[in-house]
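Heads up, the chain below is alone and in the form predicted on its own; it's given as structure tokens.
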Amino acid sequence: MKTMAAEILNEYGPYPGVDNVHGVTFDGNHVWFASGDRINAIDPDSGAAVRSLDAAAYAGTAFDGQHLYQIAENRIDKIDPATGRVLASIPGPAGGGESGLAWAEGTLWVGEYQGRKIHQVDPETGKILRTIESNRFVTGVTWVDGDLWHGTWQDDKGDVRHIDPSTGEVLEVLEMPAGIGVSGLESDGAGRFFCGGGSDGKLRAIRRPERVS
């Protein structure tokens, strides 16, 4: 396992009316983050707030290329980002203990916070297709270039870790500075991870390391 300090590239916020940052996703142009009663979009270059949608948004957020998915209590809502309308809902796999959310391989990947698990879920039915175990509380989840990463926040320590999706083995760890947790995680598909800062109301971009071959 390779461990290194996370390199923070940018810090965004806090934003007016945002007490907590929960889920984080990226639509190719904007970073979206959940803040309890709305989902907010910002420009990742300037940090400027672009727009927001009224929605129950207490945990992970994901984007499938067309729709937003948002964990809301014990369900996952599929949302039209143009209107904010909820198009469909499926039950969460952890009965309300869900945390991070990502879209990959035509399925949803759902973190179970205290259960220290990541579930692959059918986005139409909510059926659990497989489960990966972690040894830390799971916050955010993201896939990039075939690699599975997840955020953690436990005992006042946060990190972002690359795991083997077959075995759960930890391959790399990016340790956040002391006192900074990771409440949500998303990749921009290139050299950045976007990390929610939880109750500090901030978002951070950290450098994604070169791929481990």
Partner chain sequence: MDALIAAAARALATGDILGALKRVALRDDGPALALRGIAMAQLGDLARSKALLKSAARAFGPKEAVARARCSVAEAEIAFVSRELSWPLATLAAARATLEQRGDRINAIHALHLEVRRMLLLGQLDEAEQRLGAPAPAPIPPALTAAHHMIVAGIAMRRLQAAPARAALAQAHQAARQAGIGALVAEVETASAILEAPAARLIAGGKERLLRIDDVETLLASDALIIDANRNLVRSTETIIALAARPVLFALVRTLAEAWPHDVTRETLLIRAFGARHADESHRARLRVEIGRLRAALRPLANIVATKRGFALKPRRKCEVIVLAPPVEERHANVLALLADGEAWSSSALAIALGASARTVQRALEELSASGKAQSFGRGRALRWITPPLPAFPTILLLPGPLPGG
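Residue numbers count along the first chain shown, from 1. Just so you know, these numbers come straight off a predicted model, no measurement behind them.
We do not show the form predicted in complex with its partner chain, though everything after this point is about it.
If we take heavy atoms and a 4.5 Å cut-off, which stretch out of 141-149, 159-167, 61-69, 30-38 is in contact with its partner chain in the model of the complex? This holds for exactly one stretch, 30-38.
Pick from 133, 73, 124, 105: which has a non-hydrogen atom within 4.5 Å of its partner chain in the model of the complex? None of the other options qualify; the answer is 73.
Contact of residue 43 with its partner chain in the model of the complex (heavy atom, 4.5 Å): Looking in the model of the complex, residue contacts with its partner chain do not include residue 43, since no heavy atom lies within 4.5 Å.
Is there a heavy atom of residue 81 lying 4.5 Å or less from a heavy atom of its partner chain in the model of the complex? Because no heavy atom of residue 81 falls inside 4.5 Å of its partner chain in the model of the complex, the answer is no.
Heavy atom of residue 22 within 4.5 Å of its partner chain in the model of the complex: Flag for residue 22 set to yes.
Answer yes if any heavy atom of residue 198 is within 4.5 Å of a heavy atom of its partner chain in the model of the complex; otherwise answer no. Result yes; residue 198 sits at the interface with its partner chain in the model of the complex.
If you look in the model of the complex, which residues in 77-111 sit within 4.5 Å of its partner chain (heavy atoms)? Stretch hits, in order: 95, 96, 97, 98, 99.
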